[in-house]
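Quick setup: the structure tokens below cover two forms of a single protein chain, split into structure 1 and structure 2.
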Structure 1
């Protein structure tokens, strides 16, 4: 398949930039999927792709996902993503990231980058030497730092909204919640759930993490093989994707699936199947948007309080998804997509008529972009 056919197959992207600088070994692709709501924001992934086609498909897919995530989160951001082809363990250099930063700068704010798999704060610092269009820079430069606590707080809000819908109350006292994965997101989530008196069961591949949580929060533990099939009210996947699949779905013993992991459904049809089974699914990209909200606040001029406050909105967003699912008689995963698409259509049209300012505050560069 030719490059243009691949691009057409994966959505209507606005702009795709191939970045090539042999002097520093840079081969990267930036994809801007949709900027109807604002500048396209999404991280830079550094990965040893088998070939360039694989990198292109990945960046097209991921950038489209960011459009939906930002829209559903109610942010004035579009969807974009970048991939650097290379081994993040051996091929990172200052020159590579600074050259990449120059490509980002040439887009003049249409694309804003951040960390992703294979990139970190240090890399963002190099990019920042060449362009202001980067988030996830060190806190000393006004950056927002680790997004995980904000993601976790959003997940906690999503769990409360889901409990309200399925169990009739958003109090989690005595509610049985199984958490898969005790990493950055899962461990912060367990803290919130425990403070509210939920009955928590946890697991992790890392035994030491399990022990720490057992000691700190008096949670129950189970094996990594059994967590998905634990009898509980709410299952909170906070480890890897595709855990709702043909092998697991009929063995679930929960009433709700709501967690922080990305891409929890192996395929969209598993969302329909959850609905048939009477299990309420809170769509992952709506639930785990707290980290993106945090980064958005960085663009506005960072404040921990405002970022934290913003993540409360996940509650309303999840409620709205459930309303649309009922309104249209569809699965919640379809409802989330509709919610995102409806906002892009409505607000995008408004912005065509009058660009508006999209943001109230003083970060002139974001405002400049939104006013363009």
Structure 2
């Protein structure tokens, strides 16, 4: 399949930029999916893709997901994403990220980046040396730093809303929760769940992380092969996507799927199948929007308290999805899409008729603070 066929297959994207600088080993792709609600914001992922085609498919899929995530979260942002092809453990350099920052800067604010898998605060600092269009920068520069605690807090709120819907109470004390993945989001989520008294089972590819969490939080552990099939009330996927698929779905032993991983459904039809199986699915891009909410606050002029207050709204957003699903008699994944698409259509039309200051206001405060 040719490049343009791949692009057409994954939705109507507004702009796709291929970034190449052999002097620093940079090969990257920036995808802007939709900017009806505002500038496209989405993290930069650094991953050792098998080839350029795999990277292209990933960035197209992820950028579309960001459009829906921003809309469902009620933010005045569009959807975008970037991927850097390379090993994040061995190939990171200041030159690579600064060169990438120059490509971002050439888009004049149409795309704003942030951390993602394989990138962190230091990388964003290098990008910030070349462009103002980056969030998740160090607190010393007026930024918010690592957004993972806020993503995790939003997931925690989503889990509580899901528990209320399926189990009749949003108290998690004694609730059995299986957490797949102990990266920055999964680790912070375990902390929140432990503080409320949940019964937690965890796994991760990194055995040292598993041991640390077992010692610190007294959680149970299982293998990476078995975590999805652990008997529990709530399964919280916090690793890579497409884990709900033809091979796994009939083996699930949970009542709820609600976690921080992106694109948990291998295909949309698996959302319908979960519904048929009586398993409540909390759509991932609604649940894991806390990090995006946090960096949006950063763009307004950062406040730790306002960021956490905003992530609490994930609870309400998840409840709204469940209400739409019952109203329209559809799966929750379809309900979430409808909620996002309705807002994009409505607000997008309003902005076309009467462009308001909301599309620009959010992107001045932080820059003014930094330039004083």
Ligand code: NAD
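On a predicted model such as this, the values are computed, not experimentally measured, just so you know. Positions refer to the first chain, counted from 1. We call the rigid core whatever largest set of C-alpha positions still superposes within 1.5 Å between the two forms.
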> 1 or 2: which is the form predicted together with this ligand?
Replying inline: 1
> Can a Cα shift of no less than 2 Å be assigned to residue 93 between structures 1 and 2, given superposition on the rigid core?
Replying inline: yes
> Is residue 288 one of the residues whose C-alpha moves 2 Å or more between structures 1 and 2 after the core fit?
Replying inline: no
>> If I superpose the two forms on their rigid core, does the C-alpha of residue 70 end up displaced by 2 Å or more between structures 1 and 2?
In response: no
>> I need the CA movement of residue 81 between structures 1 and 2 once the rigid core is aligned, reported in Å.
In response: 3.8
